[in-house]
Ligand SMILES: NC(=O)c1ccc[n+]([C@@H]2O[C@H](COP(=O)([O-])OP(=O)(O)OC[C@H]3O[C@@H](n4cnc5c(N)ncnc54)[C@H](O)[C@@H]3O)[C@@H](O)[C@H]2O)c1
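Have a look below at one chain only, the form predicted on its own, in structure tokens format.
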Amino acid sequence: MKKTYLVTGAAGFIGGVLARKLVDQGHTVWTIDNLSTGFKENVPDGVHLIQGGCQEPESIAQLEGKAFDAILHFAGQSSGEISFDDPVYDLRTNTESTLRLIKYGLENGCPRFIYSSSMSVYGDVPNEPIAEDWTPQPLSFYGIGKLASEHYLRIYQSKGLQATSLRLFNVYGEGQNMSNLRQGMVSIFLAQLLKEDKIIVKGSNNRFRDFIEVNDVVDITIKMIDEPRSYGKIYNVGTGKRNTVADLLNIMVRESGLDKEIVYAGVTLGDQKGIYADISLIQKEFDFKPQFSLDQGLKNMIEWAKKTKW
């Protein structure tokens, strides 16, 4: 059955891949995007674009009461570091936007809502897989805004909202914005590897993350749209694998055939020392099995980056 979806942030990275796959499946897709970090040319052909912020009433008004089968909210400021520059803007793009979209959905016959949350909500954690029941203590305003949105979604459940929050770990892959050197560990390092004379790393090389390829994220998101068992729940979306910054850089050098000086200097405000996901819940309920190893995902991304004018 062909459906109509609102995918916010389709000029950006994850939202763009998600919108493209839904269009390829024959669905009708609308998007709202302010193009602050995305690019108009990223919006897939056939997607109806409203240029503006999801937090702005005038952007929401342009939907003109259209009924959607689901709202998939992937727009927003997505850097913990940048959130310290302007906490109010971060709050508006990541939390006020959620509230306005919830209100629109409930008033226009669309209770289904999938929210792109973040592993940043957890804060400092031990060196072990972190499950969804870990008590969140965000270290950045970005993490605070994401956690606040999760709580708004929880409360609106009593008003008929059918919401699911996806706590995304470090997403990477083809289409990532590599011109923004303050957002996305993989894209930052890869951009420097390909175009600069050295790679500058803020923090130690023994920090660790859970890197997940964008298509794995998008595929499980689409699978969840029509799944009532996900209503009112929060899921980690990662691979369950722990990789250090040193691991990441070693794979990049090997797959690219390039070798640059690596300089460790400074720290990133609000950065987590290390985190990786316990994905047993999403595995149990949805048989989730990431298809891309870090080696294969990086190989594909490097090939894309080398032939793309980013």
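Keep in mind it's a predicted model, so treat the numbers as computed, not measured. Residue numbers here begin at 1 and follow the sequence given.
The same protein also has a form predicted together with the ligand, omitted here; what follows describes it.
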Would Gln55, Ser78 and Asn170 all count as contacting the ligand in the predicted complex, using a 4.5 Å heavy atom cut-off?
yes
Determine which one of 68-76, 192-200, 226-234, 150-158 lies within 4.5 Å of the ligand in the predicted complex, judging by heavy atom distances; exactly one does.
68-76
Is Ser116 near the ligand? Define near as a heavy atom within 4.5 Å, in the predicted complex.
yes
Does at least one non-hydrogen atom of Leu35 fall within 4.5 angstroms of the ligand in the predicted complex?
yes
Even though the partner isn't displayed, in the predicted complex is Ile14 close enough to the ligand, meaning a heavy atom within 4.5 Å?
yes
Does Gly9 make contact with the ligand in the predicted complex, using a 4.5 Å heavy atom cut-off?
yes
Work out which of Gln183, Thr239, Thr221, Thr164 lies within 4.5 Å of the ligand in the predicted complex, going by heavy atoms.
Gln183
Taking the ligand as it sits in the predicted complex, which residues of 239-259 have a non-hydrogen atom within 4.5 Å of it? Please list them.
none
